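A single chain comes next, written as structure tokens; it is the form predicted on its own.
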Amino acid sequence: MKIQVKNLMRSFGATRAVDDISFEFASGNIFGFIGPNGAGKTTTIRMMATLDLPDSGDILYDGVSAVDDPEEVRKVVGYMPDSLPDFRDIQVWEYLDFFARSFGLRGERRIRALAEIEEFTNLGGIRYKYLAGLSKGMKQRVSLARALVHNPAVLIMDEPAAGLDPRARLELRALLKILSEQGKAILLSSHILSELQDICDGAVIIEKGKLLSAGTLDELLVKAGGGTRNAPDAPRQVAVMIQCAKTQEARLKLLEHPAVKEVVIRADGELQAFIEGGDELVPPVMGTLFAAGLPVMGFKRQSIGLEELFMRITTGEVQ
């Protein structure tokens, strides 16, 4: 399945929450949806899940419009919000059964679907517990099960790892990889960029309602001058973190080397040097500091990943 977000616009009063956003992804891909707080991620996700209407633009699922035919779209989309309601009088099995019935599952088909989803999300041991008494990790499992109960081709998730402990995050990541291998198209927003780096095939980066960059991780890295993850011999840019007592002198000396494209003095006093050409140029670049007698106390290579891309592309502004 191919999902196309086309020129999406949404305003709330004088605030343009989503400003002409376009991107696409397809079956078997996990795409991260990244942006600062207030960037418009949740608004976009709600429109993609047919819970809100855009002022203009559309979302197409294999050509089916979420604006013109939301009922058809809901058959192929599973939506996982950032929190689960704290119902005190509904047990886990009742909650999932309600949604299975809502999606038109009947009889033996419904029973089989619920059994399979309970097994996949490991909810069998808590099926008779009330939603209000569940831990955050268990609530996220129930929320994921609800989104998957009708076996959708597309899964849209809003901060699924928020508030989870490390073990729960690892378990969620394993489930997402399995779903991707099954051919589902997955879009998830998250502030835990290191997690996205490990599981995502691509990313969409927005800020103040505007699209800043979108594509596979390789495409994003190339756009930012970082080469690709899958072509280690291709020209790329690497970053080196350097501790030096004489930061200004070291910065100027580094910039004399033709492979050094930028040197930033960070708030913690470390130097961050961006070297074009790859790992083989790190030793000669560092050699310029040693030859100049500058007091280097330590250095390490830093891969340019989603976190670095995010910091370089965004400004941190909100609406």
Partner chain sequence: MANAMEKKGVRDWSDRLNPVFIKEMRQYFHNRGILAVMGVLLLVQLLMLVVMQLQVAGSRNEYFGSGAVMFGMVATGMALAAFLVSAVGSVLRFTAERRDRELDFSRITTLSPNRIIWGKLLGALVMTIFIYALCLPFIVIAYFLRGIAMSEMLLVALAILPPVLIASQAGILIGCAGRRWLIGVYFGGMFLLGLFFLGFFGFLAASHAVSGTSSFGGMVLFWCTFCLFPFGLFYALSVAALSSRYANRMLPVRLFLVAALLLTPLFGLAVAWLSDGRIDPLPAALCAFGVGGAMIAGICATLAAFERLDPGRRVRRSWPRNRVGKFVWFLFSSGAWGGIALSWLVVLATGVVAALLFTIVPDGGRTGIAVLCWGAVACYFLFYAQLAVWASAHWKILPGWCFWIFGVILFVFVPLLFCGLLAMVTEMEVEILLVTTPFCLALVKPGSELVMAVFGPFFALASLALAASSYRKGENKP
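Just so we're clear, the structure is a prediction, and the values are computed from it rather than from any experiment. Positions refer to the first chain, counted from 1.
Below, we refer to the form predicted together with its partner chain, which is not included among the displayed structures.
request  = Identify, from the list 152, 81, 215, 209, the residue with a heavy atom within 4.5 Å of its partner chain in the model of the complex.
outcome  = Result of the distance check: 81.
key: Of 113, 90, 162, 193, the one that lies within 4.5 Å of its partner chain in the model of the complex (heavy atoms)   = Checking each option against its partner chain in the model of the complex, the one that comes within 4.5 Å is 90.
task = Would you check whether its partner chain, in the model of the complex, lies within 4.5 angstroms of a non-hydrogen atom from each of 98, 146 and 158?
result = So, yes: the whole triplet contacts its partner chain.
Among 45-53, 287-295, 264-272, 247-255, the region lying within 4.5 Å of its partner chain in the model of the complex by heavy atom distance = Only one stretch passes the 4.5 Å heavy-atom test: 45-53.
Its partner chain contact at residue 177 in the model of the complex, heavy atom, 4.5 Å = Heavy-atom contact with its partner chain at 4.5 Å: absent for residue 177.
query = Does residue 94 reach its partner chain in the model of the complex if we count a contact as any heavy atom within 4.5 Å?
reply = Contact check for residue 94: yes, within 4.5 Å of its partner chain in the model of the complex.
is_contact(residue 68, its partner chain) in the model of the complex, heavy atom dist at most 4.5 Å = Close contact exists here: in the model of the complex, residue 68 approaches its partner chain to within 4.5 Å, heavy atoms only.
inquiry  = When the contact criterion is heavy atoms within 4.5 Å, does residue 130 count as touching its partner chain in the model of the complex?
reply    = Answer yes; at least one heavy atom of residue 130 falls within 4.5 Å of its partner chain in the model of the complex.
request  = Could you run down 1-35 and flag each residue that has a heavy atom within 4.5 Å of its partner chain in the model of the complex?
outcome  = The one in contact is 10.
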